[in-house]
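What follows is a single chain, given as structure tokens, in the form predicted alone.
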């Protein structure tokens, strides 16, 4: 029997998932990462070597749990956090820690890119505006602030593509992940010569870009020794985490949308041609489905909001969870379920790392608004669940403006495991919320892409029809929908009202 391995190089860990062609997961494991380094407000870095060591641990553990040998894996697919900047010199040595997706230090470089290329030309050439989350501004920050390091840079890789290099010795990326660099033209599905020229960057910095199911290399002999995989096993292009997650959720046809709640939160919809928002509030990228595209909106601080609460304000729950083995997030959900929808008028803005959709603002700051002496700890927690859902609804409102159909929303990511959070999402979106038999997300989608590359499936669409099964449909409740509709209108008007004050506070922290 053919077995497929998907690897997802995430923010907090690397996930390895082994899948049968029918979508059954037979083995899975995670190699944890060291916490990201935040030396200053808005900075975020990780060590690429840490990703590699986590990959080794995850692959070995997944093979052991599946009771399989590496030779039984037919192909490997890769996924990972997008936008990170890994720089290697001519000897293929990493030059500095990677600036990762949530690093916000490069606003000055964004402004320069916009003035240099032109706001309209950025949408024309890259389908997106210059944002601090993207790779090109981070690359230019290194050029501006660490010129000696930049002079030594011979190759720029995205996080999953660094792991590809360690697996195969090959430099390559895929069109979905490349779309998030601001150096790529999603409409042409190729690197943008116009942008490289305008920014004074050498196109030799970037690897070749391929369609997601295309084979990019094979497991090297040295890699086989440390991972337990078999040498010569093919490795496909894979996809950025959101496109791979969408494949794993079956978002490969019009009308289907996904809501992924991980560290960040993403609303993702399939399109059969590039759909551009002139204001750049959502991203237009190549899909992992060859010849197709997607749009997505991003909130930076989705699951991050709850993790921040756990780490900074929930020592009691953390100790209890450690003592009993219960998940602290389950404790939060139980407390939050004692509070009525709308948290008695309390709102949470999840802008802990700036914000992308719809504000495009690295200086956005989080806040509770509406606190009174009657509010309890449970209100604080429920408002976080609700505030993240409101933030994701912002993207659905933009999809509506662009006439992108949304018939149902498929939930994935760690947040989808919470019944309460699924219920809140269905009511906030006023759409049916679907969960699937497999909730492995990006790693699962990467495994399906590997199956297409290995000819186990004839197409990405066929992989979805064979391997994906609906487990639950949750429908919105009209009374709760009405409550959330009124509260959402307050939510969407709150940050524009305090934006200037938020910028003043951000300036004080610099």
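All figures in this text were calculated on a predicted structure; none of them were measured in a lab. If you superpose the two forms and keep the largest set of C-alpha atoms that fall within 1.5 Å, you have the rigid core. Numbering follows the first chain given and starts at 1.
The discussion below concerns the form predicted together with adenosine-5'-diphosphate, not included here.
A.B. asks: Give a yes/no on whether residue 437 approaches adenosine-5'-diphosphate to within 4.5 Å in the model of the complex, heavy atoms considered.
C.D. replies: The answer is no: residue 437 has no heavy atom within 4.5 Å of adenosine-5'-diphosphate.
A.B. asks: Is residue 92 close enough to touch adenosine-5'-diphosphate in the model of the complex, meaning at least one heavy atom pair within 4.5 Å?
C.D. replies: No, no contact at 4.5 Å.
A.B. asks: Test of understanding: in the model of the complex, would residue 191 fall inside 4.5 Å of adenosine-5'-diphosphate by heavy atoms?
C.D. replies: Heavy-atom contact with adenosine-5'-diphosphate at 4.5 Å: absent for residue 191.
A.B. asks: For residue 329, is any heavy atom within 4.5 Å of adenosine-5'-diphosphate in the model of the complex, or not?
C.D. replies: Because a heavy atom of residue 329 falls inside 4.5 Å of adenosine-5'-diphosphate in the model of the complex, the answer is yes.
A.B. asks: Tell me, out of 153, 195, 304, 430, which residue has a non-hydrogen atom within 4.5 angstroms of adenosine-5'-diphosphate in the model of the complex.
C.D. replies: Going through each option in turn, the one that passes is 304.
A.B. asks: If you check 296, 235, 82, 261 against adenosine-5'-diphosphate in the model of the complex, which one has a heavy atom within 4.5 Å?
C.D. replies: It is 261.
A.B. asks: Of 166 to 174, 133 to 141, 409 to 417, 372 to 380, which is the one stretch near adenosine-5'-diphosphate in the model of the complex, taking non-hydrogen atoms within 4.5 angstroms as near?
C.D. replies: The contacting stretch here is 409 to 417.
A.B. asks: I want to check residue 334: does it shift between the shown form and the other one by 2 Å or more at the Cα, with the core superposed?
C.D. replies: True for residue 334: a C-alpha shift of 2 Å or more.
A.B. asks: So, superposing on the core, is the move of residue 309 at the CA at least 2 angstroms between the shown form and the other one?
C.D. replies: Comparing the forms between the shown form and the other one, which are aligned on their rigid core, residue 309 does shift its C-alpha by 2 Å or more.
A.B. asks: Given a superposition on the rigid core, I'd like a yes or no on whether residue 265 shifts its C-alpha by 2 Å or more between the shown form and the other one.
C.D. replies: Shift of 2 Å or more: yes.
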